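Starting off, we have a lone chain in the form predicted on its own, written out as structure tokens.
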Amino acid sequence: MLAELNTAVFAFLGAELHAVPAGLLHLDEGNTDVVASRFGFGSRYLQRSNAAPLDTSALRLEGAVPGSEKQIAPPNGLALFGAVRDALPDLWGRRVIENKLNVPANSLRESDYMRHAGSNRFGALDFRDTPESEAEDGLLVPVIHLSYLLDSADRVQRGEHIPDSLALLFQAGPTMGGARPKAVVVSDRLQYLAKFPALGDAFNVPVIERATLELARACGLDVPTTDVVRIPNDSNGRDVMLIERFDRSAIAGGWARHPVVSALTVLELHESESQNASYAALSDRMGRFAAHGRVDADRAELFGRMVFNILVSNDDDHLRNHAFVWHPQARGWALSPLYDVVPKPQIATTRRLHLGVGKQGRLATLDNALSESGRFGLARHKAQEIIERISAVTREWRTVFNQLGVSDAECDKVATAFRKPRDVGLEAALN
């Protein structure tokens, strides 16, 4: 039996502290899945001079009319708009909400996850019962409470109900995506995503992920501010990685919220189709919506990230791990800073990324990356310069890791993830 639900979609615009109604979302839901949805823009929203599109295609502003005149369906036969999906809790956020409500995993309707996700969700959308509904207070947890958050994350992973003394603290911002435990924290007027160790990790993931991101920065890639905080305990301590949120910036009285969509939304695909996509296809699409003056630099950055992922064996490079941020002054979308990059130790000599690399599909080699460099707007010699630059830095990964305090023992655990450029087609790519 289908359930029908209307939800008011709100949007934060520019440096405004309060969201405004953007339109009405209609959901048709089965037991746990959205079967279909429709959206209608509010007429007042379309009249705003600073109105922002809600995504790069179906919910853009060009040609948009009020919902009373036309309701929009998701593109490509999708049941739910990608921009809405991006703002909903992913796997970890769902586990937190289920813990709060004391219900089995994946047992709630999508609208229930939407309702209980809080106001610190990813991007600049918010969902309320009606256009007149007030916003929920969004608790921002100071970084000094990381030890309590880590304790709560452990409890969720073990399937233990979080006690009332910790529940309010931990349930701030459960909407952030991905499967690994995390929470939103604030320090010195900046918002960070705190990424915790997971039970059963084979290596110190927070420390290794932070070091890998800093290695990417040394390669010239765009990376948010990162840090590692050690939480003391009886067995010497555990580490938590902090990464600055690129969808927030401090303004007088609070934080501006920046519209963000995932590459999955940009390519108008279902999650199950992510592995059929490619970096080059994403680059092709970027030309349609890029912020003024950004398309060439963003395509070169995307190419560099692909090369980096090859050299560090990051095969978790799916479309939800690439994003675009709306730039109101340039009236377009720009590639977000890099995030979610973790090397994957492995023995296999033939490796593949999640997304397609070049003419040989997902094969993770530098010559394969070069094979379609023209689709990134790069002349062959420019693509070769990027490959050579990133290869030179990643060769010295151990030195960079040691300088960041990563022990030799932890380096040894992930050493097989890091490829020698000559072993993955460097000579073929540079000839």
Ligand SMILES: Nc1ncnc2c1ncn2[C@@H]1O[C@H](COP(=O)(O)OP(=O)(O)OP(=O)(O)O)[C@@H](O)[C@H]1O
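One-based numbering along the sequence shown. Since this is a predicted model, take the numbers as computed values, not measurements.
The form predicted in complex with this ligand exists for this protein as well; it is not shown, and the discussion that follows is about that form.
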Here the chain appears without its partner; judged in the predicted bound form, the stretch of 244-252, 326-334, 291-299, 153-161 with heavy atoms within 4.5 Å of this ligand is 244-252
This ligand contact at R257 in the predicted bound form, heavy atom, 4.5 Å:
no
This ligand contact at F122 in the predicted bound form, heavy atom, 4.5 Å:
yes
Counting only non-hydrogen atoms and a 4.5 angstroms cut-off, does H318 reach this ligand in the predicted bound form?
yes
Answer for R128 alone: is it within 4.5 Å of this ligand in the predicted bound form, judged on heavy atom distances?
no
Of R305, H116, R180, R95, which residue is found within 4.5 angstroms of this ligand in the predicted bound form when only non-hydrogen atoms are counted?
R180
Listed residue that, although this ligand is not shown, lies within 4.5 Å of it in the predicted bound form (heavy atoms), from L146, L78, L193, L221:
L193
Would you give me the residues of 339-359 that have any heavy atom within 4.5 Å of this ligand in the predicted bound form, in order from first to last?
Y339, D340
